[in-house]
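The form predicted alone is given below as one chain in structure tokens.
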């Protein structure tokens, strides 16, 4: 399975839609996209992982790296994920305490607005 990436703007958030597998082979593409978005001044990102089928440690590293990058600009990187097998990875690694994890893109955007 390959990785499909797309992104669009909603309010002051940039939504990154990810589909497929985020692994050692595909994670560099996601890293490049996140770096590019931050370099263009997008500091509030929502990564929609609803269609992600697999996530490995390289993928986790890319997400943590993206979070560090936006936080350097007082930004945020939240995740949309409801798949139990992916959520379990975040729970085991303790990253549920680091990322905002939401059930939908509108929920993530609303949470962002209420944090302002």
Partner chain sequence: MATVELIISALPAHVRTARLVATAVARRIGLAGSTLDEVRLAVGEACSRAVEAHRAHCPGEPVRLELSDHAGRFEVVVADNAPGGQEALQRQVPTQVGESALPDVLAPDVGLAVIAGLADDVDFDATPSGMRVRMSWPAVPATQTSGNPA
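All values reported here derive from a predicted model rather than from experimental measurement. Residue numbers count along the first chain shown, from 1.
The same protein has a further form, the form predicted together with its partner chain, not shown here; the description that follows concerns it.
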| item | value |
| --- | --- |
| Contact label in the predicted bound form: residue 94 to its partner chain, heavy atom within 4.5 Å | yes |
| Its partner chain contact in the predicted bound form: residue 41, any heavy atom under 4.5 Å | no |
| Partner contact for residue 37 in the predicted bound form: its partner chain, 4.5 angstroms, heavy atom | no |
| 4.5 angstroms heavy atom contact with its partner chain in the predicted bound form for residue 53 | yes |
| Site test, 32, 101 and 105 vs its partner chain in the predicted bound form, non-hydrogen atom cutoff 4.5 Å | no |
| Its partner chain in the predicted bound form - contacting residues of 74-92, heavy atom within 4.5 Å | 85, 88, 89, 91, 92 |
